[in-house]
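Here's a solo chain for you in structure tokens, the form predicted on its own.
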């Protein structure tokens, strides 16, 4: 499978939700709101703001409604929220969300650990969510975890990924995001998975969501772009991980992604300097150094220029 590279890539910023959800230090709502607003100012087209899951499972995001109410939306920007079921959907609608995401996995064992349901059971849960979305005029995104490997089962067949992605597409999602949850994917497996998925879902409606455990995330982005994908999920500063995949490192850092795309002449509409400022502000709030390689360079440059 070979295509020319896209002229433009839509970067879906997942830092405020996927990036922060695994942080042990609870970030006050006011700082989450400021984070989203800084990302808006940096030029993102799509920001995943929060998740309307049970606070018992993800205490960090217990303030989802307050955060959604507090952000300053900009016309033309999509602000989305993750929902696990119809109850979460109801909360998201009440908070004003117009774009939601549902999530399942390509491996049964991971799905049981993550959402306590089989793959088929999770898909059944999403049917009323999809119906409610149609009734409300909302868009729904579908996430599929463990598309390139599972922490419990090991390898995952591309056909298994395609089956789940196709089932979500049949439910009416507007795009499907394929996750490399533990960061074991490589360009070869990326090509294989996308080849299988392309038989069920148009590749212009497919995103990839990559973790950088072995430093291969950017190589996998290039393989996805070559295959016809032009939607990439990433997290400011490289925030993130997965509570049900202890070996997973942070998400692909948005700064590293945008810096590569800029160098290749591929448009994103994102101001890299403003993005770095947003990540460094969150870094200060968290009290730890974020893993983005680009941020490391920015810190060094600013240290040299400091009086």
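What you see is a predicted model; the values in this text were computed from it and never measured. Numbering follows the first chain given and starts at 1.
Not pictured, yet referred to below: the form predicted together with a small molecule.
Partner contact region in the model of the complex: 176-184, out of 68-76, 153-161, 176-184, 215-223, criterion any non-hydrogen atom within 4.5 Å of the small molecule.
This chain is displayed alone, yet in the model of the complex one of 28, 265, 55, 269 has a heavy atom within 4.5 Å of the small molecule; that residue is 55.
Screening 98, 132, 91, 205 for any heavy atom within 4.5 Å of the small molecule in the model of the complex leaves a single hit, 91. A residue is said to contact a partner when one of its heavy atoms sits within 4.5 Å of a partner heavy atom; residue 109 fails this definition for the small molecule in the model of the complex, lying far away. Looking at residue 234, you'd find every heavy atom of it more than 4.5 angstroms from the small molecule in the model of the complex. At the 4.5 Å threshold, heavy atoms of residue 197 stay clear of the small molecule in the model of the complex, well away from it. Under a 4.5 angstroms non-hydrogen atom cutoff, the small molecule in the model of the complex has residue 82 among its neighbouring residues.
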